[in-house]
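Listed next as structure tokens: two forms of one protein chain, kept apart as structure 1 and structure 2.
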Structure 1
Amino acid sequence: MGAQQDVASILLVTSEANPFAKTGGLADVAGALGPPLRRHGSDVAVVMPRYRQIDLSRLTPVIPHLPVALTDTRSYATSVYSAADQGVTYYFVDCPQLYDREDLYTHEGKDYEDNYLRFGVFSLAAIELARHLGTPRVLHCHDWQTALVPVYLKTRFARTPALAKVKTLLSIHNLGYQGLFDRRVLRELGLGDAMFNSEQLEFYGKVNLLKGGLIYADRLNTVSPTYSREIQSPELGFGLDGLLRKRSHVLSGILNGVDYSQWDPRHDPHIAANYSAEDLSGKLACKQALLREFGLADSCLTKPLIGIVSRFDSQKGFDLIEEVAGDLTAIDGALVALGTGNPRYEAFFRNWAAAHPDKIGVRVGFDNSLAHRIEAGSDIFLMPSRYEPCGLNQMYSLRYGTVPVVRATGGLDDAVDESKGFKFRESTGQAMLSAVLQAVNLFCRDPERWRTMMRRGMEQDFSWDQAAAQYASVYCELLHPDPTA
């Protein structure tokens, strides 16, 4: 069998993917990787849970009954549906008692208590699907939700001939989320209490599902080169840095790409006017529309407008904004923010806007279309993350001519260079403020240099083809290991 044919069957196992279900960047990645991988000669399919928001009537039933045995005495009846998007087949594991819920992982700020079951069953269902299809040679898993795939494969299915040669790659999109549960879940997941030891799934008295994946997966990667180094340090290793250092020979960093079919001001249907590096005139129309949408004064049109789109999570560094909110308000400009998450930050942003309704605009919620309009209408995009595995919005911002101001961490550091944006290193309000002020000053004092900076960013290419080529070579190495290595 030729290498091309071997590489040809990859199953992406993910808890979310665009355009079907999204809470963050993982969905963008899982939804965008398929088409360029196909161009690199791989035959890719995706499997994910069938959540409530994914309308069953639009899906095709493919496996009416796929039983998933969690333990000797406990099974789940699942069925599998499919749909196609951009030439990629998506499989949906349907199990209403587990996935037919209002949200994906949390409800009203609290994790669903049975998340270990929901994603344990999903991981097993993905393996059963691979067995049923007979073709996948690599199961490419993402984050803690699918980290049990390699664990089950290497333990329960180790001697199952149909699965013995299946390889696994686990992508770490965020080490801050590890899937931590009580010890008792090991038995419920059919893994056995014997795995509760520090060489396996035990982690400071808890069961850590991600740790299991990090130990058992054949290869690991994370979503930027810098983050792949940072997670091997105690500062950003979240207690797993020792293990990651031990496995560094199988760990790589692959910078995410941008799906320019979705994120490009030349043809973005969500924005007031299209524009390009050659003709920037539409950007002003986008800014005017955005100011109006947020009820901000028209007089802000000539002043710098700062945009923020984010999960409101401590990872994203909003405490730095809180710290210097007074100084930011004092800038002769405006700020718009869209986000949802931690009630503390939701309240902070709401109160900030209520106190300065003419220059601070805030929307609490998840609104993809508005996210596009903020990218297009803002002049500056602010991402003060404490850590950032990759981050997508800085790359979207570059394409939209919205100059990013970022903390130099993870993928923010890799994607933004100082000819196209502003970076600060110290995780302090003052360091962030000084970078914002530098951007504001350049915007106000030297429009020509500002436009040059915008154009440089707009011309940069982060298309998925580059990342897909790197993933394809990891798959290839998995299937054809170097006998001398």
Structure 2
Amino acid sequence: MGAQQDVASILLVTSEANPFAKTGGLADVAGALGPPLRRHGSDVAVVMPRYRQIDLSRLTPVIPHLPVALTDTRSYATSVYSAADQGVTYYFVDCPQLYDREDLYTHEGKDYEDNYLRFGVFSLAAIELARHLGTPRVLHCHDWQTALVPVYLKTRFARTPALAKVKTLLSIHNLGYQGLFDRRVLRELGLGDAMFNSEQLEFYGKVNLLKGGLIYADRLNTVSPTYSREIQSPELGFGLDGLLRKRSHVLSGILNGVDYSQWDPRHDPHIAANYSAEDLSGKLACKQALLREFGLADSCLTKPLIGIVSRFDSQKGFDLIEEVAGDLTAIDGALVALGTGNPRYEAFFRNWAAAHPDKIGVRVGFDNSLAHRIEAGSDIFLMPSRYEPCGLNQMYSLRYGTVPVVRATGGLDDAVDESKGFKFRESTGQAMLSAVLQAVNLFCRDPERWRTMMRRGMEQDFSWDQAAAQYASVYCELLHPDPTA
């Protein structure tokens, strides 16, 4: 390989990142955080697995042979490639037997049974990459898939001088996904049965990889301030609330940002007409085009149009919508929804639209371009989530002048205040319906106040530069702790 290269001072360790591989919001964060961190003075790179969908021919070889030893008798041959995006270097750990698969984590709706091996190997490879390229100062890990990085650093590599000063930050994107496996995996991961106890990786008879990271990481954070508090409660702690309360002194919440180069009605190429807070005229054209796309009545143009873009799941509060569907149908307006997920809710939405084709429009599936058009063409955006670590659509909606109606939880509560949207606290259909009716009444009875609310939301700034400044501060605190704290 020639002379050693210097790896970034901050190495983001993630199982997915835009624009290379994505299943959810984690990829958005990992892909968007690098450029603004660089603008804030951090030397940053990203490491992730090289999945099948990432074209090897477009990557540059970096380390031809990087053996990863899980145990004395079991090792994997990996290699490392690189590519650049927006000035950030991405490193890809290639191990075809582990990552060259149709999907990232699942097949036909079921998790790959060897996910513990796949991400155990990846975690060790990330550490070995750091040793080969020049040790970073902070390894910023994301979710359970990389939670073994701090575990391995504090156990297997505890006496490795080159890694002694490396700090770890573990970001929790959704505490509901923890990496639970049978006890036997500890030996296969080279950790040993001794760690199967309540103070380490044991969790109600299972091995919990996320728990290991929560114990061993130097700092913890999650994707909104409110969610950082909620996960310390029994209701949203998923069995880890006691541990998170114990480590609350190193836990913080940083609200995710929005990529306004992609989500801004002033220059969005997906929508019927561009518009801004200064000139809202294009929004009506977007609404008209959206109604026609869904085949809804032209008479709905002057009535409130409610938009939904989401994964169809009970976490997202779709049982609340189902509970009061009759009342929502009775509103003198229309509703459009885009999403996929739980077959129960897919069927509910299809049946609802079939029963009321003049005012309920539904598309089951994923369509990024249509998601933009729903944000631009709707008057109201509904997000009734039971819990929401961060959420992005409420922030998109604000920028598009689409007034959000949200449950006051997690990032929804942090991003939406009642001068720019509507919130409800109880996770019930009636509480949600009451908030929707408040929004509808204001839209119908006080257009000037409604436009003022729209403009306030459009002027709000949730850019990644704000989040990156907070992450840079956390890195600084990690590297230069207050001795009096």
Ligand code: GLC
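Here, rigid core means the biggest group of C-alpha atoms that superpose within 1.5 Å across both forms. Small disclaimer: the values here were computed from a predicted structure and weren't measured. All residue numbers here follow the sequence of structure 1, with the first residue given the number 1.
- Each structure shows the same chain on its own, and structure 2 is the form predicted on its own.
- Treating the chain as two rigid parts that move between structures 1 and 2, L153 and E346 fall in separate parts.
- The smaller of the two rigid parts turns by 9° against the larger between structures 1 and 2, as judged from C-alpha superpositions.
- Its Cα shifted by 2.9 Å, A376 is compared between structures 1 and 2 on a rigid core fit.
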